[in-house]
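As a starting point, one isolated chain is supplied in structure tokens, in the form predicted on its own.
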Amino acid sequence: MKTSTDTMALYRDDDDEQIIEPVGYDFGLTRRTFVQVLGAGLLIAVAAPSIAQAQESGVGGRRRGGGGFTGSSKPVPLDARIHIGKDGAITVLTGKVEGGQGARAEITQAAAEELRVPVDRVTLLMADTELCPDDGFTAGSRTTPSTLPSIRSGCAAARQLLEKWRGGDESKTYADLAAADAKSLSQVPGTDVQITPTSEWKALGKPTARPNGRDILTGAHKYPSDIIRPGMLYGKILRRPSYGAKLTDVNTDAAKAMEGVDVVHDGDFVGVAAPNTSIAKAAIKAMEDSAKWDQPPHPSSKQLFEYLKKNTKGGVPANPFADEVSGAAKSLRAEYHVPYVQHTPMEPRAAVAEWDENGKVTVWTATQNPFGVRRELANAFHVDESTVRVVVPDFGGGFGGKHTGECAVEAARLAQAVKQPVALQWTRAEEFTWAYFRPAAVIECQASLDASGTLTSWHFVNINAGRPGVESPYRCEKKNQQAVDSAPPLRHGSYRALAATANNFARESFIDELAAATGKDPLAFRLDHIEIDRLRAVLEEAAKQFGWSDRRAKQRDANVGVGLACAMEKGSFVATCAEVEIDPAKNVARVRRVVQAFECGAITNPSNLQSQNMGAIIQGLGPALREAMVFEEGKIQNASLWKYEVPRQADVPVIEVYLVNRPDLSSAGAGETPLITLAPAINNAIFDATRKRLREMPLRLA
């Protein structure tokens, strides 16, 4: 039997995002199964344009061709499916998930917009691999630019079908359409599909609350960790004592002797299923003392950055502009460090697995990648994917950390052995230790300037973290920008904004160092080198709202500093200004105020976008100021919320977010980019207050 780690090679895309690409199959359900779930009515299936087409056509554009759409020689079918009940109930289906980022509201808005119905008329069914189309995993800020066009096109096609069928009789409704001849009405329309221009939006572009928000607030919603099945048992896993440890022997007799306990031993995998969690824990404890492990040596976090440099594949690239640097009026070189951090979602991994008498397994779990987890389960048990169903209720946070299905595989192993449903919930310590981490990084920077303070060469190398954010937006004729792999000591993967956070921390901190070397104001130095209008716009907006010029000109408290940073990522643009206060007694920095300007094209839901920005800023405070994994001899030393300090309420500064709406542009995703400029803005503010350069996250003065 394979384990989830056997398929980790699948979790890697061209941007080193550590994620699974869509499998490319059509996982549509039969009409019979669909009717059993949703009732009789009309199912409309529409093939939507490829992601590239959607981006090229822009908001309010027209798409034509085969099946209603064209533009690419190889269109990517991202099916949008709509079910219209005979009572007029409208259900829209998507393979996307809701983990607190707002997709449920946004997709519902998009469907309502194109169907010309109120938002509360639309029910959204999400992330059930047996019922929903594969819209790809929920990651990379892709729901808005890729899934929304698919949903909108499908719903617009349904509306046009109704308009054609009713023949001018406005009294006929979607319910009448559903009650008519389904065979003639369930075909994909071959005519042009016109989606609603931004200027005519009625549902999109408006503040819209989460449709199931009341259930969340009242506790009625069932998260993955709340799922209960008849006859369900509770599982626990015997974990390795350190990274890389191999089980050589274990005595399971004591655990097997416990009433109601089933022990599952398969190679290195040892788990139990019991009537409750307390008994399951006791059974694991009974085996821990007898277990013998082969534990290989492992580097510590104190050696991390040297280890990454020494284990770089192919060596660290040299600066090809060495001659330019040696002959420059000014030149600088710096190295920045970013440690491993954890996602720390509110809800740790959880899964409930159940096998039926025909060998089909259903797993309820929290994942951003339901179809990828279905594949992982199929691989692990050597079964066809058609015998695996993954259902993802709205869950308690992911931040890029729930692409893989190890918890689902573990629960399914236990359930298969005991022939009863099994619930498995990771503890916080397990989440900290065995979930993958945001990659650590070493980033080498070197640049040269002429006598006027203009950049003449730029050398920037990221070791280990990946490519997102490597490319500089600043004008410079000679650039060398690379990301190289290392042999990481910990398992790493996606995280909100992934490598873009590390790369922008290094670049925007280094840009401030260059500005200081020229004697120029950090804002002026950036504006002198920015040619991208959208980036310039958010930088100027953030500086204006912050009062940058006045703050820099006026005499300030010696322990107060201000800093700024700007960046672009995932098709959106952000600039952040920060004010920090230094506590001389404790020698720590406290962030007092953050002002951010953000632009992601046409805004689909301003209230949710505001929340996404504020949430990103608060989350970003942790890695900027305190968060870092500490490990020694293969063991995590701070695997608890007591030792690993995420932001607390007392840490939250005054936050002002200014959204720049561009209805003339396509909507881009906004789940990640607001995070990436906070750390460098804080770092630059610390320098302004202390004149001390910090080049490692978290930013510690001592």
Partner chain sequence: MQGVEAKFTVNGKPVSVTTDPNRSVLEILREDLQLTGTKYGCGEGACGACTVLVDGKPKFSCSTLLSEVVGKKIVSIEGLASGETLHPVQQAFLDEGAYQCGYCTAGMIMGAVALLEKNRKPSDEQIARGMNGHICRCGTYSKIVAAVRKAAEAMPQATEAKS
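Everything numeric in this text was worked out from a predicted model, so none of it was measured. Residue numbers count along the first chain shown, from 1.
The same protein also exists as the form predicted in complex with its partner chain; that form is not shown, yet it is the one meant from here on.
The stretch that touches its partner chain in the predicted bound form, counting heavy atoms within 4.5 Å, is 423-431, out of 297-305, 381-389, 455-463, 423-431.
Using a 4.5 angstroms threshold between heavy atoms, I618 counts as touching its partner chain in the predicted bound form.
The shortest heavy atom separation between R159 and its partner chain in the predicted bound form exceeds 4.5 Å. The closest non-hydrogen atom of Q637 lies beyond 4.5 Å of its partner chain in the predicted bound form. At a distance threshold of 4.5 angstroms between non-hydrogen atoms, E347 is in contact with its partner chain in the predicted bound form. Put simply, of D512, D134, E627, E579 only one has a heavy atom within 4.5 Å of its partner chain in the predicted bound form, and it is E627. With the partner omitted here, the residue from R81, R210, R413, R374 that has a non-hydrogen atom within 4.5 angstroms of its partner chain in the predicted bound form is R210. Remark: none of the three candidate residues (S448, Q482 and F573) comes within 4.5 Å of its partner chain in the predicted bound form, counting heavy atoms only. If you take 390-413 and check each residue for a heavy atom within 4.5 Å of its partner chain in the predicted bound form, you get F395, G396, G397, F399, in sequence order.
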